[in-house]
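Below, in structure tokens: the form predicted on its own, a single chain.
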């Protein structure tokens, strides 16, 4: 298989304010046309049909499970019996909130838009992700997936900072950073990188929501002081940290160690098969090639889409360990050899990767 990338030499400046942003525009990688597997138009229209049913069912289960586990955790507070309930509550809050934020942000989870908007706002608060910032950030992530200098959601750069990844298993760095960003937005400030993808008319919404969230967190802190207990924070705020491990476990499998600066999601995304509980928490984002290739297909139709494009894609990974036994050695090697990455092999039944833009090759 011919495997082309247009990556700049190392060391690379991954920031949106750096020179590689302009380079990506000049060589045809920004806002480019991406490869898509061939699916008959009638079938594609069928797969893109939205429905309230599956997401309503799953959301009611999710909210019910949050109330049950959070309530039992609070009931048994002060004893060891609270621990298993808070473990599950944390995953549903800190990791389940991540996938709900993601799908409802795409507007595909529900057919009824206000339901997408309502769950999106709640899930954004749970994951400390400003709804306006992250809507535009994620739009850029899909437009320029793992394009250096353009994608604001590259989790690990090359060479990777492995200590940060380990600390973020429990959100030790990313959640306090998100709280600090919330306070920065509440004061009316954006970074230059954020200004690169957030239209100016949208910015007042960023500041307003941040101020509302700051007030909520202050109320939670006041309740902790008044009760002389961290229990209120165990229910609101801290689950973003102690429940983040499942989000990180799934999130690192999406793109880590794969190609940068390519225009084929089969080469920079992973699809994997995982257990039913993780699929519920993750809302089927384990079908990640499928999601990036056709982001307007609702999460509950992704298994069907997977079957449609399977002959055109690299083989799926069977479970988390299959992913991590590839990811861990790759990251370890990238510490000293940042040029190294996993080259995904397409099956004989797949169409070849199209050539990169002429500007890149010339």
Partner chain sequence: MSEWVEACAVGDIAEEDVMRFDHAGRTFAVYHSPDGKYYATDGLCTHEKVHLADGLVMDNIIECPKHNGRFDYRTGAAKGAPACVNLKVYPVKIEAGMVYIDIAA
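Positions refer to the first chain, counted from 1. Bear in mind that the values here come from a model prediction, so they are computed numbers and not experimental data.
We do not show the form predicted together with its partner chain, though everything after this point is about it.
Residues of just one listed stretch (250-258, 67-75, 82-90, 103-111) have heavy atoms within 4.5 Å of its partner chain in the model of the complex: 103-111. The contact residue chosen from 115, 142, 279, 184 relative to its partner chain in the model of the complex is 142, the criterion being a non-hydrogen atom within 4.5 angstroms.
Note on contacts: among 53, 295, 329, 315, the single residue with a heavy atom within 4.5 Å of its partner chain in the model of the complex is 295. Its partner chain is not drawn, but in the model of the complex it has no heavy atom within 4.5 Å of residue 213. At a distance threshold of 4.5 angstroms between non-hydrogen atoms, residue 203 is out of contact with its partner chain in the model of the complex. In the model of the complex, residue 136 approaches its partner chain with a heavy atom inside 4.5 Å. Although the partner is absent here, residue 63 lies well away from its partner chain in the model of the complex, with no heavy atom inside 4.5 Å.
For the marked spot (34, 45 and 48), a heavy atom within 4.5 Å of its partner chain in the model of the complex is present in each of the three residues.
Although its partner chain is not shown here, in the model of the complex the stretch 60-82 places no heavy atom of any residue within 4.5 Å of it.
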